[in-house]
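Quick setup: one chain, the form predicted alone, written in structure tokens, and binding and motion questions come after.
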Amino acid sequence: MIGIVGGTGPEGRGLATRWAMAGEAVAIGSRDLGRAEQAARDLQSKVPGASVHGGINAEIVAASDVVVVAVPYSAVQPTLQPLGEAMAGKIAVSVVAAVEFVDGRPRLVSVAAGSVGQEVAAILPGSRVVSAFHTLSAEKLADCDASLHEDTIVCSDDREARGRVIDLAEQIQGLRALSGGRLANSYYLEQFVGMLALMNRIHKAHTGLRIADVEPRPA
């Protein structure tokens, strides 16, 4: 099962929608049980027959083998610290970029660890941390009728975990997943999120990333 910590936010809802469409079992987590259960009901109405339920974060972590971290950067530490023991041995997928918006414009936030992915690894030393899905539009993901024609880059120091997340990414129709190597390389992905946000603002679009002239290699 795929658990999503912060699954009631835009990116969490979007990924949950696409995995539910692909037939994956999804658990939507939140600090607020009511919000999590409502998000699960909303998804079931969008994707009839979806295997989805909502629960508080600790419950969905316990029930899942892959846990997606989809909270705002400011909530990473307070959300994950209480979950450290429950997350031990599990794959933790960070989709978080350290970007804040000032007057609608993106501004990068300095991360002492180097990248949010590395910060997650420091908070969850017993987890197998992977960084991915940063450049996907939450709006497009949540729109069941929107077609995807883009790539996601997947970084991790754990090759097996990186391969598992690449496989999960490619369950999403129209999405190609490429290995980005070690977790430290997540820095470059996270930095690029600000540029995509600016492109969306300038062109009034929901832009994505497509890497030309490269063939997927083993994770």
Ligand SMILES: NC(=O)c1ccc[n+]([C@@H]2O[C@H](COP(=O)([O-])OP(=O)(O)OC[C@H]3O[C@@H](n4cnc5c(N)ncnc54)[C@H](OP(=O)(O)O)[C@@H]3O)[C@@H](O)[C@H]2O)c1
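All values reported here derive from a predicted model rather than from experimental measurement. Residue numbers here begin at 1 and follow the sequence given.
Missing here is the form predicted together with the ligand; even so, the following discussion is about that form.
With the ligand omitted here, the record of contacts in the predicted bound form names 30-38 of 45-53, 179-187, 157-165, 30-38, defined by a heavy atom within 4.5 Å.
In the predicted bound form, no residue of the candidate spot (3, 19 and 60) has a heavy atom lying within 4.5 Å of the ligand. At a distance threshold of 4.5 angstroms between non-hydrogen atoms, residue 139 is in contact with the ligand in the predicted bound form. Although the partner is absent here, residue 134 is a contact residue: one of its heavy atoms lies within 4.5 angstroms of the ligand in the predicted bound form. None of the heavy atoms of residue 114 is located within 4.5 Å of the ligand in the predicted bound form. By the criterion of a heavy atom within 4.5 Å, residue 208 is excluded from the residues contacting the ligand in the predicted bound form.
Residues of 149-182 include none with a non-hydrogen atom no more than 4.5 angstroms from the ligand in the predicted bound form.
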